[in-house]
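In the block that follows, a single chain appears as structure tokens, in the form predicted alone.
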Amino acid sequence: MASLPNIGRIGLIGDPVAHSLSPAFQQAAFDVCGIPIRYELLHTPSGELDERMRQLRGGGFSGANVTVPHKEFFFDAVDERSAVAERAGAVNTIICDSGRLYGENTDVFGFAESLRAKDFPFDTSLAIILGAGGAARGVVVALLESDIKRVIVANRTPSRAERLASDLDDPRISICGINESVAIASEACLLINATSIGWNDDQLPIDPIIFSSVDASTLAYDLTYRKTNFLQQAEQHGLQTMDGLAMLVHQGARSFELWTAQPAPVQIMLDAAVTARDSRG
């Protein structure tokens, strides 16, 4: 892949995108590094995807991030994909190179890096993942590539969890019904909400009894970047908690490095993301 000029436009493609914190921390990174790139929100309904593809190929963009619901579309649409994107089944970062589009999945890196920053003991740990959609698949890939000892995918629809496990084909993965995971939760070091439940309301993805079933040292992790009811319940039971802000920034930092071939100013990006989130209440 050719190195790209550090000039142009980069944006976030999705529907919706107005809520995103990405412009706040990506623009802070470009500005502090003196790189003349403008990071934009590119609201793109499904009917406008073909036009967005033409724009990316047309030379005006250095790259893009992709968020829901278009990660699978761009997985199929790019000209070349990384091995990680292949395994995750989704593309969230695009590098534009003379009309060709290269797809990467930096969500995998971002999730793993957020745990590495906390010295999480992957090789001795059992992780329970609630959900079996695209976000859950990326998390499973990140854990497997970080040498996790064992992963349990718990989902309300077992057939979806079975497909995920079959696609990734790793003996460390097992599946169960979402509430069946309560019975084995005492073994878990990491409990992850990879569902969308709780993003906009106070619902829980699982019976709250699970928080009494796990060890007090268990880390409860929600991929959303707000204090959901899942995290509040975990805190009330004395568990360590973590939201998805660090994952968001670390995946963005990896995207920055792919676009610019320069080290990302991660702390500046983290500070900008926190400030932007806090300003929204």
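The structure presented is a predicted model; accordingly, all values stated were derived computationally and were not measured. One-based numbering along the sequence shown.
If you look for the form predicted together with a small molecule, you will not find it shown, but the lines that follow are about it.
Think of it this way: in the model of the complex, the small molecule has a heavy atom of just one of 166, 124, 157, 98 within 4.5 Å, and the residue is 157. Among the residues 132, 148, 210, 141, the one placing a heavy atom within 4.5 Å of the small molecule in the model of the complex is 132. Residue contact check for residue 205: one or more of its heavy atoms lie within 4.5 Å of the small molecule in the model of the complex. For the chain shown alone, residue 196 is a contact residue for the small molecule in the model of the complex, at least one non-hydrogen atom being within 4.5 angstroms. Listed stretches are 114-122, 73-81, 196-204, 101-109; the contact stretch with the small molecule in the model of the complex is 196-204, by a heavy atom cutoff of 4.5 Å.
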